[in-house]
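Quick heads-up: it's one chain on its own, the form predicted alone, in structure tokens.
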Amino acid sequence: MSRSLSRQAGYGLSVLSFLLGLVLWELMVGWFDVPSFLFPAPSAIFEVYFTADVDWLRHTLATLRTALTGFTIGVVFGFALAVVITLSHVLSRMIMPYVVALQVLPKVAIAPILYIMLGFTNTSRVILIVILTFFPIVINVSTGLATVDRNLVHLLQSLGAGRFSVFYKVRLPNSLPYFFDGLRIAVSGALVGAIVAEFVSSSEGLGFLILNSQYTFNTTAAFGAFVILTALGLALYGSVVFLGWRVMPWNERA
């Protein structure tokens, strides 16, 4: 009960801080008479959703669809890879250098290469998102699978439990908190990857809308896309946190 009240108080404080920031933003723009093409006020951003000739729903769904597709594939691929490198030290030494090398490469530089190899298709955009999302899953899940109570493992083995039973009953439950930590990072990376991919080549999506708004000096529309992106990011992150609470009510880190 006290934990629930503490969470509600924290959410209330966050909402209050956000509203206060919006009020200050509106007042500062008005006081200093800042032109909207430089830095629009919140009221102007809200108005652009009704006045601009933009199909906001279509662009939002395009970005969300691409982000979720790449995120899902990245999570499945990352989880499977984490299991492989955890169960085999030989494969871990062979695969991990490539995983790390792929992670440290600038993603903005990877995008044009993908488009050259695969063409300007949605597949290229999805692959870029997969590259951004699978790494935190691999690292977190492999850590959770490996850092188990050795005494518990030895106990199950002494009772005749096989490798699969130890994995299913000990390693997998232990990896869940780490897995959800990785999901929180990956879901944010999925949106970043979708926007980067749309910057390079796309005819729809919020990234395309932001780039097109910059070309036409429609800063207010660009800020409108920023607001939608922020809302999407918070909604996706919050969904992962909520799912973690449902799956792991016993975990204090959830």
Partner chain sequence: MAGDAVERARMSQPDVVTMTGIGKRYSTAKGDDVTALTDVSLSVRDQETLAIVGPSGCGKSTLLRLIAGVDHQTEGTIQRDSPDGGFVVGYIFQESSLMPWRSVYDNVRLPLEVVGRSDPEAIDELIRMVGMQDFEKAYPIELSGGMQRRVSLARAFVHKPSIVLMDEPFTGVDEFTKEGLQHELSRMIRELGATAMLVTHDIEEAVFLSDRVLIMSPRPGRILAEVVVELPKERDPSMRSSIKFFDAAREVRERVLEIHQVGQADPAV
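Note that the structure is a prediction, hence the values are computed from the model and not measured. Numbering follows the first chain given and starts at 1.
Unshown form predicted in complex with the partner chain; subsequent notes refer to it.
- In the model of the complex, the partner chain lies within 4.5 Å of some heavy atom of residue 174.
- When the partner chain is considered in the model of the complex, residue 184 lies well away from it, no heavy atom lying within 4.5 Å.
- Contact annotation for residue 170: at least one heavy atom lies within 4.5 Å of the partner chain in the model of the complex.
- The closest heavy atom approach of residue 123 to the partner chain in the model of the complex falls outside 4.5 Å.
- Only one of the listed residues (161, 95, 76, 105) places a non-hydrogen atom within 4.5 angstroms of the partner chain in the model of the complex, and that residue is 161.
- Proximity to the partner chain in the model of the complex, defined as a heavy atom within 4.5 Å, singles out one entry of 88, 143, 157, 72, which is 157.
- Stretch 162 to 170 is the answer when you ask which of 162 to 170, 113 to 121, 131 to 139, 80 to 88 has residues with heavy atoms within 4.5 Å of the partner chain in the model of the complex.
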